[in-house]
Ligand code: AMP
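Next comes just one chain, in structure tokens: the form predicted alone.
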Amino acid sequence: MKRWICLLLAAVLALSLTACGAPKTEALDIFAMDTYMSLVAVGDGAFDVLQRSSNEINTLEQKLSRTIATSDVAQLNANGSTVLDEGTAELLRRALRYSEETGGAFDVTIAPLVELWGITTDHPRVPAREEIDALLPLVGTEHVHAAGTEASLDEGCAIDLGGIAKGYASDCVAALFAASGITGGFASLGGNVYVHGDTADGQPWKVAIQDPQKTDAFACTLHLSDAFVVTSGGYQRNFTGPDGTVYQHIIDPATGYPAVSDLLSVSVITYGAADGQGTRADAYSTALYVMGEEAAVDFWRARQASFDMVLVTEDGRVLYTPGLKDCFDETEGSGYVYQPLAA
């Protein structure tokens, strides 16, 4: 669901220009989960942890992809039931929990609708209302039955874990970083970003959030350590229908249509390398975009101690939570009005 996300990293890496005596920095670029990914590690064991991270990401793709016939997800969708890998089973349980928490704004059972619209293909289309209405009864977590590693679906239903697969992968990378001897690192997994420790210069990492209206500009910059940043927005991928209507790629589970939001983008920031914080940020960012500004702010206020967020609104505001006050930089000349949210 966050394919082609353009959350940008403005990380000061220095690589071959690292100052004398500074920790060595290693970098690795890969293509996995239908997107380009960049991994960087600073300090002892940097190369080894990047190789382990790359291997882990590729392994996860083989288990979680809806389009790889041998994956856990594809087998469940094709057969209606299967025994899942323990990691896949845990991710499915989290997905069901996040669906409940968000009132269904995030829902992995939208797979039939994603396929109907061709959202993840090179040939998307606008289905007839009757086609959408026929599939809407198949959407809802009540159609998923999970116990331990066993899972089954009601007839005609299917799941798509693409909306949180990269978040889960970032959790796995974070665990590898934490268990290694490196002093810092970042993982940009198609826009799902995790930053660990400090840069080679001993500073927090700079994570720049793209201006959704200008592909070559930033809406703001965050200075972070040991944090996940995940952005969702309709600008990331869209297509124009025969009548000139622009349809973006995030499906609203309640309507079966691409979400119509008063938000241009939502960035969710969570902290710490444990407890699936990357997965949670991934699910929340999608859900809050679908909800729209008012409901997103209400959702945050109900859980404000546990995550931060940046909202870029359709009417030209950038809203950010108080927890980001000391690490938030406005972009001069952006044209946005910057407003901290009240708790």
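Quick caveat: nothing in here was measured; it's all calculated off a predicted structure. Start at 1 and count along the sequence shown; that's the residue number.
A second form of this protein, the form predicted in complex with this ligand, is not displayed here; the remarks below concern that form.
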The stretch from 127-135, 174-182, 108-116, 148-156 that lies within 4.5 Å of this ligand in the model of the complex, judged by heavy atoms, is 108-116
For this ligand, considered in the model of the complex: do all three of T35, I57 and G278 come within 4.5 Å of it, counting heavy atoms only? no
Listed residue that, although this ligand is not shown, lies within 4.5 Å of it in the model of the complex (heavy atoms), from G197, P212, G256, G162: G162
So in the model of the complex, does T120 come within 4.5 Å of this ligand, heavy atom to heavy atom? yes
Might A208 be said to contact this ligand in the model of the complex, defining contact as any heavy atom within 4.5 Å? no
Any chance R94 has a heavy atom within 4.5 Å of this ligand in the model of the complex? no
Contact with this ligand in the model of the complex for T286, defined as at least one heavy atom pair within 4.5 Å: yes or no? yes
Listed by sequence position, which residues of 245-271 have a non-hydrogen atom within 4.5 angstroms of this ligand in the model of the complex? H249, I250, I251, P253
